[in-house]
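For reference, the chain that follows is the form predicted on its own, supplied as structure tokens.
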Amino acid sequence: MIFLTRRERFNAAHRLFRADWSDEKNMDVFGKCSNPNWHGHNYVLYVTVKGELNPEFGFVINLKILSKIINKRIIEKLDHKNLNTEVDFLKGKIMSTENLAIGIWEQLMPEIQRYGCQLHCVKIQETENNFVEYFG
């Protein structure tokens, strides 16, 4: 079994909040991440796939194909966007990094499987100190 990871980057704004809570309660629970005027991050996304080495080509998946999938299904939808209001597959979710990782997984998994390998992990680094890993 081979594991292959592709790194991509995107910038996006979001706000952690629940619409059914007051601004005070949101601030108490989510702190400054609940700023009503949003805040942003320079995200780093790691997508790891796994599979057997294709003896004809010598790789698990062509990195050009993997990069194209990630860019089309994720980066083009997220980069320089407001995650709470502009991203179709994130609508109605509390915009935590955990929910972002799950949403990205759900967008990538069916497409990656078409190329004979499996999605293993979506890792999102939100800050230099915080990251989330989701294994499906």
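We number the residues from 1 along the sequence you see. This structure is a prediction, so every number in the text was calculated from the model and none was measured.
What follows is about the form predicted together with another copy of the chain, which we do not show.
Peer 1: When the contact criterion is heavy atoms within 4.5 Å, does Lys81 count as touching another copy of the chain in the predicted complex?
Peer 2: Judged by the heavy-atom cut-off of 4.5 Å, Lys81 is in contact with another copy of the chain in the predicted complex.
Peer 1: Indicate whether Tyr115 is a 4.5 Å heavy atom neighbour of another copy of the chain in the predicted complex.
Peer 2: No, Tyr115 is distant from the partner.
Peer 1: In the predicted complex, is there a heavy atom of another copy of the chain that lies within 4.5 Å of any heavy atom of Arg73, even though the partner is absent here?
Peer 2: No - in the predicted complex, heavy atoms of Arg73 and another copy of the chain never come within 4.5 Å of each other.
Peer 1: Taking another copy of the chain as it sits in the predicted complex, is Ala12 in contact with it (heavy atom to heavy atom, 4.5 Å or less)?
Peer 2: Looking in the predicted complex, residue contacts with another copy of the chain include Ala12, since a heavy atom lies within 4.5 Å.
Peer 1: Would you mind checking 102 to 123 for residues with a heavy atom within 4.5 Å of another copy of the chain in the predicted complex?
Peer 2: Going through 102 to 123 in order - heavy atoms within 4.5 Å of another copy of the chain in the predicted complex - there is one hit, Ile102.
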